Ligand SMILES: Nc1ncnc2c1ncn2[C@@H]1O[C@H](COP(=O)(O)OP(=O)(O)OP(=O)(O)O)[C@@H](O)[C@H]1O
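A lone chain, given as C-alpha cells: the form predicted on its own.
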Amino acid sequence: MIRLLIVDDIASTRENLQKLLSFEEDVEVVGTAGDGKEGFDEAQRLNPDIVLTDVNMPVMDGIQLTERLTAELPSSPVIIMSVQGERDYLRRAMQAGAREYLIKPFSHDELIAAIRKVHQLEQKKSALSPKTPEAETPRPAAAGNVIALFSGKGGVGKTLLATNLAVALANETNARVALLDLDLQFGDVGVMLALNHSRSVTDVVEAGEGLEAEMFNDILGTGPGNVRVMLAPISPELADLITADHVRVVLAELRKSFDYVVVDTATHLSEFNLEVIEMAQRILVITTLTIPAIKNAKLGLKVLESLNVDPNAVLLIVNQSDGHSDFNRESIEQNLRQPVAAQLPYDAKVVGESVTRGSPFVTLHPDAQISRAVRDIVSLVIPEQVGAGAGDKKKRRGLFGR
C-alpha cells in the first residue's frame, strides 16, 4: 500500500481527493491537514510514503513544507498541486525538493500516475541505498567517446543525423551506444525514433543525489539497434530545471556504461553545449548549402577555435548536398577554412519516409546513398582517440568573461 498524506487548506478539496483515491486498491490516505505546519506535524507522526500538498496555504505554504520535509523527513517525498502553472512556481517547487508538480485541474489518471511513479522511484532508492563499503564495487573510469553534433542554425538536419548516426554506430560496430537529447526545450529525438517513453533527463534532477545505476538505466529508453536514449524534457519550461552540473553528471554516467555517447545539442551556445564540447572526442559541425547555414557554421567554427578545441576533433558535415546548388565543396572549404569531412545527399523521399515512420533511414533503406554516407561518418568517428576532452575550461571561461 502507498500511504498518502493530503495537505490542503480547502476542506472540500481534501474530501474530493480522498474519495478519488478510495477507488485505488494500492493507495491509502492515512491522514489530512489544513495547512503546512499541521501537515509537517502529521507527516512526522504518520511517516507517510508520499505527501500530496497544495502550494498556497496559510501558516506555512507548500513550498516551505516541501523544504522542511526534504530536509527533516526525506523518506516522505512530496507531490505539489497548484493552479499556478508558471515556470517560476515549477522551478521553486523542484528546487525545494518536490518529486512531481501537478497543475490543477488534473485528471484522476494523472494523479495516480504521479503517485505511483514517485513511490516506485523511492522504492528503488531504498533498495539500492543500504550498501556497506565492503559490498560496493568500484565503477570503472569514464571511457566512452562523446560525439557532439552542433549547429548554430536550426533546420539543417542535426537531429536526423544524430539519430541515424547513433543507430549506424551500434549496427556497424556492435558497440554500446547512447543517444542524449540536449535540445532541452524542443528536442525531437523521441519523435525521430517514435520512442514511447515517459522518462526524461528531468528524472535525473528529481532523483538528485539518490541517483543510482539501476535508476539511471530506467530513465533511458531503448531505440533501434538497442541504442539507449535519454530524452529531453516533455515540456519546454522544464528545461530551466536542468543545470550544467546535471549535464556533467549525465555525461559522466553515460560514459561509464557506453562505448559511444552521441549528443544532439541545442542550436545556441548554452552552458550545456560548452560542457559537452569540453568532454567530446569528436564535434560534428552540421551545415547545409544555404548562406545563413554557412554563415552560422563559420561563426560556430570560430567559437570552437576560441575555445582551443583540437582542430582534429572537429568534423564539418554538409547535409542536403545538391549538385544544383550555387555552392560546392571547394567554395565551402575556402569560405570556412575547414575541410569538408563528409557530405550527405539530398534525398527528400527517403528522409520523408524516415521522419513520418519514426524509423532511422539507415535501417529502413540501408542501401540508399544517404545511408552509405552516414556509415562513412561512422568510420570517421571511431578510428582514433582525439584526447580526453576537446575543449579547454580555462579558455572557455576567458571567452565568456566568467
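The model shown is predicted, which means the values in this text are computed figures rather than measured ones. Residue indices: 1-based, along the sequence shown.
The same protein also has a form predicted in complex with the named molecule, omitted here; what follows describes it.
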Just one of T159, S257, T202, N145 has a heavy atom within 4.5 Å of the named molecule in the model of the complex. Which one? T159
Answer key: of L336, A373, V55, V351, within 4.5 Å of the named molecule in the model of the complex (heavy atoms) is V351
Look up in the model of the complex whether G225 has a non-hydrogen atom within 4.5 angstroms of the named molecule, and give yes or no. no
Given that the named molecule is not shown alongside this chain, does P311 nevertheless sit within 4.5 Å of it in the model of the complex, heavy atom to heavy atom? no
Taking the named molecule as it sits in the model of the complex, is L102 near enough to touch it, meaning that at least one heavy atom pair lies within 4.5 angstroms? no
P366 within 4.5 Å of the named molecule in the model of the complex, heavy atoms: no
215-223, 114-122, 271-279, 313-321: which one contacts the named molecule in the model of the complex at 4.5 Å, heavy atom to heavy atom? 313-321
